[in-house]
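Below you'll find only one chain, the form predicted on its own, shown as structure tokens.
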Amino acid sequence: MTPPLELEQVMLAVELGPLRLEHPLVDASGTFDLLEYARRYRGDFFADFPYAAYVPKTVTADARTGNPPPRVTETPSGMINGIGLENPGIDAWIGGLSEWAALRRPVIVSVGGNSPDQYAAVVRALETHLASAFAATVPRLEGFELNVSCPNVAGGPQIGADPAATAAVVGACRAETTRFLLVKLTPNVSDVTLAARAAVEAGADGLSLVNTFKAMVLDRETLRPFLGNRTGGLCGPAIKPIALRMVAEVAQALPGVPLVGMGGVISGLDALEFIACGATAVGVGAANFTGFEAPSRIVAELRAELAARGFASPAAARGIALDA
């Protein structure tokens, strides 16, 4: 067994494709409202931002009102949401960029849509804006995460459940940008590696997995679906074992592809387990609803977990579960 290290001997920086991150943690899209937290924070929140990169709530080409309420409820060892990608649309979203231009961390924009053209329109609009915007008026938009896997949108199956449809979205967006391109995969498939491979072959630089599991909660009085959308996406500790398995499968099938693993991370040990299964970075979602300090606590716990096992960096632990 490797002897333990002192905390200061552990360097947390990782390289997610071309992005150098101060530590492996990023927020899962839609779970961390930067401006809301900035309003509540005492100090310079933009300088003290706890995540190594910021992934905002998914934006689409046109404004969306989302699903009818109720939209969120707790479940045993998790929570389920049916928000439905509510957002103001890309034009209004771009208009608000100056509000958080002071953020010092890289930003990975989460993009949604119902067709390749809709995804590409969002990427194109942002690239056009960035080409002419003054640097001081925009944050560091360094990549895109294509959300092909939201289970809370009515009107058909998730794009991410179809490898060919996934490839079409990636190809359309790759034609619009040279920036780092992630694809967020759905767990609601029998073999997650099929869409993963299709995304990479179509031009994706990396993969995020997993998104939430399609699920249902009943009203205990009426025995009818509780959520306004009937179904929603299950996240939290309940899904972690399945998410770990899927990250490991993709890491083995596509060695060398940068992965952002997520699904039920509420502690530093949870984050380390995703790294052990092959993830370079780790997304935190439901934990953001448990307390303001959650991301900073998880980072500190991750450093302690690495030190206790004698790992001088996350890279030293990456993929060790794959050798079993």
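All values derive from a computational prediction rather than experimental measurement. Residue positions are given as counts along the sequence shown, with the first one as 1.
Just so it is clear, the following notes concern the form predicted in complex with another copy of the chain, a form of the same protein that is not shown.
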Open item on the list: Phe213 versus another copy of the chain, in the model of the complex: is there a non-hydrogen atom within 4.5 Å?
Closed with: yes
Self-check item: another copy of the chain contact in the model of the complex: Leu223, any heavy atom under 4.5 Å
Solution: yes
**Study point:** Arg230 within 4.5 Å of another copy of the chain in the model of the complex, heavy atoms
**Key:** yes
| query | Wondering, does Ala135 line up within 4.5 Å of another copy of the chain in the model of the complex on heavy atoms? | reply | no
Partner contact check in the model of the complex: of 126-134, 181-189, 197-205, 111-119, the stretch with a heavy atom within 4.5 Å of another copy of the chain is 181-189
Another copy of the chain in the model of the complex has a heavy atom of only one listed residue within 4.5 Å, and of Ala102, Leu141, Ala238, Leu97 that residue is Ala238
Of Ile90, Ala167, Leu244, Cys150, the only residue with a heavy atom within 4.5 Å of another copy of the chain in the model of the complex is Leu244
Taking another copy of the chain in the model of the complex and a 4.5 Å non-hydrogen atom cutoff, the residues of 71-94 making contact are Thr75, Pro76, Ser77
